[in-house]
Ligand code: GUN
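A single chain comes next, written as structure tokens; it is the form predicted on its own.
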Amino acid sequence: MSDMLLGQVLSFDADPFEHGIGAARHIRQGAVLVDQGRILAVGEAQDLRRDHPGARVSDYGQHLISAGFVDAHAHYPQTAIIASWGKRLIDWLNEYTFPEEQRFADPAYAAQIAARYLDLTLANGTTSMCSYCTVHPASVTAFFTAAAQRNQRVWAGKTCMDRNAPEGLRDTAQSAYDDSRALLSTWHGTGRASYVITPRFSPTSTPEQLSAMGALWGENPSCLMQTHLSEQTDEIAWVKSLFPTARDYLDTYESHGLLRPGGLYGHAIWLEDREKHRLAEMDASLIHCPTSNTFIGSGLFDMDGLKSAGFRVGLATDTGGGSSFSMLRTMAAAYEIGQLRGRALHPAELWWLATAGSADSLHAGDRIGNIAKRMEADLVVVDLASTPAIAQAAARAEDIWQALFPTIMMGDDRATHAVWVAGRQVL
């Protein structure tokens, strides 16, 4: 039997950064028909109810039905250390991240944290994400297994590091290639899982390891590749000291086969002109991590400039350098950073970034991140009056954007009224 969800429906016909807010489609009394994990139809409630009288109805009243949130850059192994105090990037890694990631040598611990992470993010309306794992193959298995149990579409990969990390977190160029290749063969395209080739960043990989990852990517072009780029100025100085002949930070990837379509470059705050040109030429995806950028003092992402230049841009929590599991809080931080750069992002643009934009950055915009016929039925139902403060602001709204914006700025997991994954209600 098919299911019909009734409520306000928000979807996108195009990117509102390029086509204006008219690219968003809002149906005040709408319906979404789903069956066998996919969206069969979307439209006015009265029309769909008339045409599909046998559908099982879930009436959400004035709640907003949206595509589930898509988190384009996360570190699920950092779940337990989220909101740790007072460090910048390199100190954060040494003081918090690396000690915690060593615990993932224990498969049972990896399974425990993977389940916790996915439950926390589902509670916040996030149905898909792209995550780094640890150097341990078991951490990848734990994540994909937990996601498969929830039937979620996810991306992940073994983090590869063969220098500037504790002994228990270092592999080698050869073992990184072998482990990644074996995991890729097992998981890529299995169910709703996709493997992502994952060198952490240039400072923790030798040129030999970067070349090995570039070779693996060349052999498996259907995979994505994720890494970090130009997050902090002291990081960039470190990269230049480690790669003295490189033209810039991006060149440490480019010269080893790690720049091509399907590359996901997290942060990308302090880009040089040559880097911007090459990233654009390669149709690379840049992933904005606003709560992380402010929490560890990285800088202000140039959303307006980079979107105007035509980049694919995804939005991400960067758990646990980011300070929240919530994509609502992440949208709010992106708005705040935009204000500091002199560009107030419209609610339509923010919502697009957290759904269709992030899906597009993962080259999955034809499957997730939007409500349209034949798309996978990953949905979140959002209460636009989830707290008294939000309710009183929404009550004064004259259109959907005025009603939605208070939830973006003040909402949390209380706004998540229901979550559907692959056409089945899970929350």
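Throughout, we count residues from 1 along the sequence that is shown. If you're wondering where the values come from, they're calculated on a predicted model, not measured in any experiment.
One more form of this protein, predicted in complex with this ligand, exists but is not displayed; see below.
With the partner omitted from this view, the residue of W92, Y109, W187, W270 that lies near this ligand in the model of the complex is W92 [heavy atom within 4.5 Å]. Contact annotation: of the candidates H256, R343, R181, R200, the single residue with a non-hydrogen atom within 4.5 angstroms of this ligand in the model of the complex is R200.
Only one of 74-82, 140-148, 344-352, 217-225 places residue heavy atoms within 4.5 angstroms of this ligand in the model of the complex, namely 74-82.
For E275, no non-hydrogen atom is located within 4.5 Å of this ligand in the model of the complex, even though that partner is not displayed.
At least one heavy atom of S292 is located within 4.5 Å of this ligand in the model of the complex. At the 4.5 Å threshold, heavy atoms of L306 stay clear of this ligand in the model of the complex, well away from it. Contact check for I296: a heavy atom falls within 4.5 Å of this ligand in the model of the complex.
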